[in-house]
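Here we start with a single chain on its own, the form predicted alone, put down as structure tokens.
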Amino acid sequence: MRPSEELLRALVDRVSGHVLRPPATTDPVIRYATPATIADAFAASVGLSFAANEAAHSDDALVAATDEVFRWSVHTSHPSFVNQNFAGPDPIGVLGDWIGAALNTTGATYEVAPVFTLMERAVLDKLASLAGFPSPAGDADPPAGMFCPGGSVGLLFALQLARYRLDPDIIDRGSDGRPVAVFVSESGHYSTKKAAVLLGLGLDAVVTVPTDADGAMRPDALAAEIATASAAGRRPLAVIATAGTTVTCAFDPLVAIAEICADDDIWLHVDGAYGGSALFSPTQRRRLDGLERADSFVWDLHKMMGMTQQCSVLLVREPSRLEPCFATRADYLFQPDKRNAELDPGDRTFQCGRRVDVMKLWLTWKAHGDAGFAARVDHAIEVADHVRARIAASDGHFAPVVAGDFTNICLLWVPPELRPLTLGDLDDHTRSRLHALGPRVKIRMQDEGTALMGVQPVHGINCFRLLFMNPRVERADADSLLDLIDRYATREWVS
């Protein structure tokens, strides 16, 4: 049974209204509720759960249920949402995603996705040029990588590419059982461990490399860990460098790391899921100097660039490695004698059916241009710099836990009796109280719907983590966030 046109129009109105008129500062960023409360709210319309024989519901009930979705969801477009390294979507990106969904095809072959196949090639090659990777010599050459469902999956694919280069026979024979080592910093993403488990390498294969005080990998420590692993009989498989760590947004020194990898012929993968978007800004791309020497690079455009979840790419410096690593040549899809067979991307990746995530990125990029993308990145850093200046001028009211100079702020609210704060001078009792303060403040903010920000242990103490991604967030909004922290922390400290 087809849905009524009235129902579709009502739902479209609600979605477009939310995108075009997202919640303002005076609106709650979240109406925090228990699971039972949310379930009760839906019970008045269609219910969250399903009956053994679920009946079709009326238009009015479905619209009411949709209203409850908006009512109880977190509003990531809100100026006081600084909780994650993503934020509300770009409206053009939402529409691009909608177009892709409406056409409902898959990105496996040119035959079923001719426009999207060409879009992918264009976008991947443009992103690769920003990364400093070589451009394909001709239209028949494979594009510079692939779209994939998130940075963690991109890392998984990159490690398989590294294994194939180290041991080409692994495709037919499987692993020969010789132990390998994968090197990632102490601040690197946890997906390295998950990928090691899924690939059968084991957690013992993951070697964590010490970092400096800001969270960036130390090249001297990397060289020492490689030597230690090699002496113990483990073959170095890959180094995972990070361009923008999750917590402090540290950038590993890629030039020095690339030198070490070149000396030992180790695959260098750069996790730029977060910080890769610095490449869009002429003033910020220096942070990824040396990236052009990496073998692979993962980049989440749904983070800083406001694409809808998810929009990730894996770029490969030598795209010719993709097909021999992943292809199985299923003859019901990838016939060599059909038209434009050389353009089919499906056998150059693990996935077959997949979303056409390129549409939203292509459309948004065309709408804003290179300058617009650069401005988005620069604005985020400008707001973060403003907060850093406010902290420095706060007479000890706030203290940075890690200074940072990108979009992340990790700070402590300092009680009056501890100003100026010296963490090393705190006794255990005071340190414990200060450590417990952040979660209590966050809970109070959630309960009142005033803000949603991260609380994260850094150097052994919980700090407030503010991530500036949303171009709607201005300096005044950032000032309001600091005022909220001060107000709630003052109340909680004396209670």
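Keep in mind it's a predicted model, so treat the numbers as computed, not measured. Residue positions are given as counts along the sequence shown, with the first one as 1.
There is also a form predicted together with another copy of the chain; it is not shown, and the following applies to it.
When another copy of the chain is considered in the predicted complex, only one residue from V197, A223, L166, V255 comes within 4.5 Å through any heavy atom, namely V197.
Among T228, S135, T105, T208, the residue placing a heavy atom within 4.5 Å of another copy of the chain in the predicted complex is T105.
Not displayed here, another copy of the chain is kept clear of F251 by more than 4.5 Å at the level of heavy atoms in the predicted complex. At the 4.5 Å threshold, heavy atoms of D264 stay clear of another copy of the chain in the predicted complex, well away from it. Another copy of the chain is not shown here, but in the predicted complex it comes within 4.5 Å of a heavy atom of R376. Interface membership of A476, defined by any non-hydrogen atom within 4.5 Å of another copy of the chain in the predicted complex, is ruled out. Only one listed stretch (209-217, 283-291, 390-398, 352-360) carries heavy atoms within 4.5 Å of another copy of the chain in the predicted complex, and that stretch is 352-360. Contacts with another copy of the chain in the predicted complex, taken as any heavy atom within 4.5 Å, map within 46-73 to V46, G47, L48, S49, F50, A51, A52, N53, E54, A55, A56, H57, L62, A65, T66, V69, F70, W72, S73.
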